[in-house]
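As structure tokens, one chain now follows by itself in the form predicted alone.
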């Protein structure tokens, strides 16, 4: 069977036109080089070189063979380089998924830093629910997720690395009378319609807000139109109700919206990276970047 070593020996001799010079360039003994070329010619069934007093020259068959295998050698070298880059996290595609309450605009700083550190890498970005992220990452369909806690679904194939807590804000229509206030408390929202609704099989932002309200003795009153996505902010701007959202969501630009902080000490939103137990080099690099923005008091689990 023809080996890659034989092909590279052949290409070196063809380029230099001399067994002596090729042996020196390859750091091999000339008899060993000559033996490998002889074995290659035997395997091919035709002569590659015409031996002359001052060196060698390619036969017509040898010239045609060189034109073919030089591309193979280049492809193998490129494949080796690409493999090394993948192994070191310098190239490839990072499949990144995020919750709707962690909008892409809030991840741009980390994304830009990742692209600078991995100039040959690309990101495939998608927005899916936090619960689905667990399944996608566990099944290898995504490399890393940025999920809103709490997440009800768990899988032994993934781990959660918590990120810095975010303050919760009240999103109001710019025409709402409460915009005159500098801050609000959760208890003051008791009689106001919420445009978000908790899903009985999901965690995430709506469940967090509902749990906070329950601690204060009330269930959020539902508006006539509700949404579990960032479109809830469009509903707020239209005057159809209010929403309690993490600070990251306030980065979504929108006319007719006003945000007010909540004074409650427990009015904090939590998020986490969802990673496979054996994360890819690209995922580890992105996780490291996100971790640089993580509060030291947060924990991994």
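Whichever C-alpha set is largest while still superposing within 1.5 Å between the two forms counts as the rigid core. Numbering follows the first chain given and starts at 1. Remember, it's a predicted structure, so these values are computed and weren't measured experimentally.
Keep in mind that the form predicted together with the DNA is missing from the display, and what follows is about it.
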Worksheet item: Should residue 68 be counted as a contact of the DNA in the predicted bound form, where contact means heavy atoms within 4.5 Å?
Response: no
Worksheet item: Taking heavy atoms and a 4.5 Å cut-off, does residue 55 contact the DNA in the predicted bound form?
Response: yes
Practice prompt. Decide whether residue 61 counts as a contact residue for the DNA in the predicted bound form under a heavy atom distance cut-off of 4.5 Å.
Written response: no
Worksheet item: Is there a heavy atom of residue 20 no more than 4.5 Å from a heavy atom of the DNA in the predicted bound form?
Response: yes
Worksheet item: Which among 254-262, 25-33, 238-246, 268-276 is in contact with the DNA in the predicted bound form, heavy atoms within 4.5 angstroms?
Response: 25-33
Discussion item. Check for me: heavy atom within 4.5 Å of the DNA in the predicted bound form, for each of 178, 190 and 224, yes or no.
Written reply: no
Discussion item. Please determine whether the C-alpha atom of residue 282 is displaced by 2 Å or more between this form and the one not shown following superposition on the rigid core.
Written reply: no
